[in-house]
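Given next, in structure tokens, is a single chain: the form predicted on its own.
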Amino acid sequence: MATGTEQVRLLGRSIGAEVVGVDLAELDENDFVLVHRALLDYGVIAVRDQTNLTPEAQIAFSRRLGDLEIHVAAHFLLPGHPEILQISNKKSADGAAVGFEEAGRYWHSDISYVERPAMCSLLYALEIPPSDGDTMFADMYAAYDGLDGATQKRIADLTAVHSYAASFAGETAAGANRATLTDDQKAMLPEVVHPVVRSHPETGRKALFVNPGFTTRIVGLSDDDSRSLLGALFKASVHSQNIYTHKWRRHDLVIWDNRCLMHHATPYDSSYIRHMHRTTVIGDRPV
């Protein structure tokens, strides 16, 4: 519902903004356009003070952006609301984890390992620790724009393999308590191939589309050349001037565009509760 107090304020250098004065549980079309436009302009937005955002309301708002992904880790989905993945260090009465306790503690783009990667992710903070537990976002438009012309030309038509299994191996998995999948769940996630550079379907801008979390190799290159090129692209993606760090407030609903950003969750004191609900909107095949 429009109140006349709706505002969008830049938080980072070029990405990251906050939207205030809107209620996502009762959002009219004008305010939906405002929120959607802010997402395209700034890549990641925090919609503040969403005290009325029930699971039903979060799902309903998310569906206005597109069809929703049901995460393969079914044991961490919110009971009765499979569209919501719990990001949480809470435990059930029998001591079992109710959600991903250490989700995303590496640079990645959500669900890049499927044929239609996530358009955007929406994460709602129900409980947060008093400090830390931030989320860093990297501008992949800026990463591409910052490459020299020779590198842009070299990677223009290259493709890369993305695999969920990569998040369980090597540096990606270091320090992250990854939840294991069953053999049946793993079978649902074969490797996929995407362009190294994608064109955003709504803005038309080019962005790098490789990430340390899930991108394993460049198609058609030797192992050494693939590792070297990916390493250079990963390094180019995380220059400090291209990063916005979001410091969470309770009842923030943070939305980020996986088509032009990577993100990385940071550690926190696990003696405090960090409990969040994530919905994920399915995107297009990258081109």
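Predicted model only: the values in this text are computed from it and were never measured. A residue's number is simply how far along the shown sequence it sits, counting from 1.
Keep in mind that the form predicted in complex with a small molecule is missing from the display, and what follows is about it.
Distance criterion of 4.5 Å from any heavy atom to the small molecule in the predicted bound form singles out 103 from the list 103, 128, 196, 192.
Checking 160, 123, 143, 120 for any heavy atom within 4.5 Å of the small molecule in the predicted bound form turns up a single hit: 123. Residues with any non-hydrogen atom within 4.5 angstroms of the small molecule in the predicted bound form fall in just one of 144-152, 75-83, 199-207, 108-116: 108-116. The shortest heavy atom separation between residue 42 and the small molecule in the predicted bound form exceeds 4.5 Å.
Using a 4.5 angstroms threshold between heavy atoms, residue 135 counts as touching the small molecule in the predicted bound form. Residue 265 belongs to the set of residues with a heavy atom inside 4.5 Å of the small molecule in the predicted bound form. Of the heavy atoms in residue 278, some are within 4.5 Å of the small molecule in the predicted bound form.
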